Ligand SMILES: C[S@@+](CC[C@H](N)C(=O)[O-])C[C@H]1O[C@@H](n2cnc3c(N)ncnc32)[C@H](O)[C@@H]1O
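A single chain comes next, written as structure tokens; it is the form predicted on its own.
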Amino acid sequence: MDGIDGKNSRDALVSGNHTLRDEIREYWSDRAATFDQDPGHRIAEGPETEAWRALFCRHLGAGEGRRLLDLASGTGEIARLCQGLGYAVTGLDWSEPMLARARAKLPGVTFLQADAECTMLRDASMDVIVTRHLVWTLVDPAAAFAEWHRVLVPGGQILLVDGDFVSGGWLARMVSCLRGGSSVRDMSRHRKILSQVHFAQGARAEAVAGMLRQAGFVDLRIDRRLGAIHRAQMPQLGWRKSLLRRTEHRYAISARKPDRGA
């Protein structure tokens, strides 16, 4: 399913010249105006920011001016966090409305419009790559991971924060039915897109780690210690979404591109 043939077959699921990638870009573009208002997207100052900082430092160490690529940067929340940790940040997103908000928020950060699966960046041009909640939406993760491996310098690091938001048990399904805040149209569009991406049945940590290993990454670590972040988010999430978060398979995965000659 993966590679060029897999990409083309999934893109062809959307009729005519309008591809699945176009659908994904338009969906997130339509959500840009209210994205930061949705709990769990904006990173609140205080305990939540400190919890995210601890996660990133645990896996990546100090920024020290290293070049960091924030993939699917959205409105710039992770870019803002990483800039505060001392990285030289570049954000990349497929949605121009998202980028416009990120640029207004962080005028000192470079933001580029491109597909995360085809960044158009030079070989070995980044020291670190980070993503939050991108992997589960990828059309062709094998191609994406190969692309990210290409863009990293030898010895470069990657940190993915993601989850399986699909295949929860009965409690997750019940809480999902109770959730409000999304229109019927948005929910329908979301389900249509999700049914066509690679991880339509859920992005499990072990499966993602296996694909990263196949792309050439080493020293993989799966970290499920996200409780501090979830506890800090609880006041904004409300009881329904907090309960759902407890049922979801969420994780961070860090890895490294081998040193030259390794």
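These numbers come from a predicted model, not from an experiment. Each residue number is its position in the shown sequence, starting from 1.
We do not show the form predicted together with the ligand, though everything after this point is about it.
Undergrad: Of 53-61, 66-74, 228-236, 191-199, which is the one stretch near the ligand in the predicted complex, taking non-hydrogen atoms within 4.5 angstroms as near?
TA: It is the stretch 66-74.
Undergrad: Have a look at V109, L81, V128, M98 for me and say which one sits with a heavy atom within 4.5 Å of the ligand in the predicted complex.
TA: Selected residue: M98.
Undergrad: Heavy atom within 4.5 Å of the ligand in the predicted complex: which of A102, L152, L159, L134?
TA: Looking at A102, L152, L159, L134 one by one, just L134 meets the 4.5 Å heavy-atom criterion.
Undergrad: Could you tell me if F145 has a non-hydrogen atom within 4.5 Å of the ligand in the predicted complex?
TA: Residue-level check for F145: no, no contact with the ligand.
Undergrad: Applying a 4.5 Å heavy atom distance criterion, does M187 contact the ligand in the predicted complex?
TA: M187: no contact with the ligand in the predicted complex.
Undergrad: Could you tell me if W94 has a non-hydrogen atom within 4.5 Å of the ligand in the predicted complex?
TA: Flag for W94 set to yes.
Undergrad: Check M120 for me: does it contact the ligand in the predicted complex (non-hydrogen atoms, 4.5 angstroms)?
TA: No, M120 is distant from the partner.
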